[in-house]
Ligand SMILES: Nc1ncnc2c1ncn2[C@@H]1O[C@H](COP(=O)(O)OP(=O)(O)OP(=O)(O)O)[C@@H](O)[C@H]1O
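Below you will find one chain, with nothing else, as structure tokens; this is the form predicted alone, and questions on how it binds or moves follow later.
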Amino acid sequence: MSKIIGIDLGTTNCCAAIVEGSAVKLIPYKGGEFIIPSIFAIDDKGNELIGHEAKRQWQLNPRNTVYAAKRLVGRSFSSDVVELMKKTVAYELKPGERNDVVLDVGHKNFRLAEISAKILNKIRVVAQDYLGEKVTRAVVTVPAYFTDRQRQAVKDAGKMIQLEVVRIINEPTAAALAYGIGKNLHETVVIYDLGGGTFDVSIIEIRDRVFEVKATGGDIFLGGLDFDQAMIEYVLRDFAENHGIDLSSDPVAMQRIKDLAERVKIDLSSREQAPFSVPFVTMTPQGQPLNIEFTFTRAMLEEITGDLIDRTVDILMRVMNDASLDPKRVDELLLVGGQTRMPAVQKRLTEIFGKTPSKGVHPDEAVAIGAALYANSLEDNSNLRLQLLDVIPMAIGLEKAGGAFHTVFPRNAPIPNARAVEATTSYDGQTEVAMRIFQGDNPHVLHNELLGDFLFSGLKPGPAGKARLEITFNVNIEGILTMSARDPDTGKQMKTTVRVTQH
């Protein structure tokens, strides 16, 4: 059997790792880099480019270069997130027929799972070149705050390229594995994971080889990209005030500003100020070239992104509260994700916990390393036996009359988990029962994510309220839901069909 590799499929960057002998190794790309940008493009000759090649031509070809697609995975076209994305990306978003989003790149339509599949395949090819053998199985990580639909999409992406996603695990949990395996620890750790596109907090109790998640929370639309966006908006406002020109409709100018925003943001983690200059960004109506030329200070950056840091702290406090954990009782605070290098983030967390964050994990590499360690524990000949006890990030339940949300599994319910719900017929002669299943933390289904419409058919027709059925909800170790129904009188399994509906 080929080895199982660990893959961190990030919003902005990906990374893969493997256990060789007793060491975990990151899989290098040519040129010795471990990180592959999560970018897909089609150039003017119709060639598909992925990773570094796609990133290199991004400035010249913003319209056909897709980045941050992970933010759109498993989303309905009508969702707020899609509205927000339309405003900030240069590529085109269209509604798909599965109540999803389709991207138009180089005059071709791509489903999001296809884009994820292409990026996964790139990582797989890099790993195969390095290992000199075929790679057919992987453990892939997702944000803890991903819904069932989003987890399902990652599995689908693997299927498209014949890569068996043996297990999906949560990113913060993977980081905790990278930190805690083999140290015989007994401690409570908080993982604060602020990556390129997503934010997660998990509280994990480590007891040697048992990693038990007590509570988790997050925002899959909060990350380094939003810090960049705050800088971009500041620069655009400043330019419009000085020159009366709005650059936001010029894709090439925008792309240059975007690239620079990220670089300057990174610089400001180690410096107090940095120049922000884009020469010849546009022309005056008279044909005079105009430049963007000013100095960004760390204080300015902190001021315009303070509300983003506040949002992470609100979520952190909610999760601490869910786990009834006092900050003073936390043994270690682990920072994961590139955006945690920002001094203001570290300062806020140091104030909350009264101690500096651990240096025990590498913010960009911990997730891939944890995934590889977990992959290794699943190998038949492995002597590493791990127990992961995770939770679901938000409630799963069904729609009651009037659109109220009836919770079957509350937020932070441990997984794997199964619950049975009794249902009955509501009119005479009824032979099937339909049920709409949602996931989210709002008391009204309207504001939660539709997971699917389940139809249980094959009931014996009879008077209303007479026929009973027992519906079992089953959430597996990966946080993915399956459902089945049986007739408790006859024990007969009923036929179940699932549709993720259009609306």
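The first residue of the shown sequence is 1; numbering continues from there. A quick note: this is a predicted structure, and the numbers were derived from the prediction, not measured.
There is also a form predicted together with the ligand; it is not shown, and the following applies to it.
K.L.:
With the partner left out here, if you bring back the ligand in the model of the complex, are G197, L225 and M342 all within 4.5 Å of it by some heavy atom?
P.N.:
Looking in the model of the complex, the three residues G197, L225 and M342 all sit within 4.5 Å of the ligand (heavy atoms).
K.L.:
Even though the ligand is not shown here, does G479 get within 4.5 Å of it in the model of the complex, heavy atoms only?
P.N.:
Answer no; every heavy atom of G479 is more than 4.5 Å from the ligand in the model of the complex.
K.L.:
In the model of the complex, is there a heavy atom of the ligand that lies within 4.5 Å of any heavy atom of E262, even though the partner is absent here?
P.N.:
Yes, E262 lies within 4.5 Å of the ligand in the model of the complex.
K.L.:
Just checking whether N99 would be counted as a contact of the ligand in the model of the complex - the rule being heavy atoms within 4.5 angstroms.
P.N.:
Heavy-atom contact with the ligand at 4.5 Å: absent for N99.
K.L.:
Is the gap between S269 and the ligand in the model of the complex 4.5 Å or less for some heavy atom pair?
P.N.:
Yes, contact at 4.5 Å.
K.L.:
From the candidate stretches 243-251, 311-319, 331-339, 149-157, select the single one in contact with the ligand in the model of the complex, where contact means a heavy atom within 4.5 Å.
P.N.:
Correct option: 331-339.
K.L.:
Within 47-71, which residues have a heavy atom closer than or equal to 4.5 Å from the ligand in the model of the complex?
P.N.:
If the 4.5 Å heavy-atom criterion is applied to the ligand in the model of the complex, 47-71 yields only K70.
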